[in-house]
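Quick setup: one chain, the form predicted alone, written in structure tokens, and binding and motion questions come after.
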Amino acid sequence: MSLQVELEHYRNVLIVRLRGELDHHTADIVRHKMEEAILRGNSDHIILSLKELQFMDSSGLGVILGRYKQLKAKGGKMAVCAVNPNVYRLFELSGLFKILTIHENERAALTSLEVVS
């Protein structure tokens, strides 16, 4: 299975929707797209919407952690929402939920970032 990456800008937030499998074959694509959007400077925060992400390995965790550090250095935040149960378990085991907030859906994540008026 491949990976589809959908990027949407909402105010100063980049919403990244991932569908498929985030693994060592697809990690560089996600890394490049997210870095490019962050470096363009119009995204202070990122929301990862993972409802349709069926699988993720350590390469995917590395991409997420790297973008988290990149955003944090700029004073931004990252939130995760709609996490598939298989991916949720990986987040738990890796300890990523200690640094990332998780939300039920994109709207809740946007609210947590104080973007919704």
Partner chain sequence: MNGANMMMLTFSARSENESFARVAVAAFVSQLDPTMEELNDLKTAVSEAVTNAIIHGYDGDPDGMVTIEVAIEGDTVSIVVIDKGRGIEDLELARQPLYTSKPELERSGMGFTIMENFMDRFEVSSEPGQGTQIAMTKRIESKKRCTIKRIGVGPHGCRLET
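Note that this is a predicted model, so its numbers are computed, not measured. Positions refer to the first chain, counted from 1.
There is also a form predicted together with its partner chain; it is not shown, and the following applies to it.
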item	value
Contact assignment for its partner chain in the predicted bound form, among A79, V63, A82, I38, heavy atom within 4.5 Å	V63
Its partner chain contact at S94 in the predicted bound form, heavy atom, 4.5 Å	yes
Its partner chain contact at K51 in the predicted bound form, heavy atom, 4.5 Å	no
Partner contact for N42 in the predicted bound form: its partner chain, 4.5 angstroms, heavy atom	no
K33, heavy atom within 4.5 angstroms of its partner chain in the predicted bound form	no
Within 4.5 Å of its partner chain in the predicted bound form: residues from 76-96 (heavy atom criterion)	N86, R89, L90, L93, S94
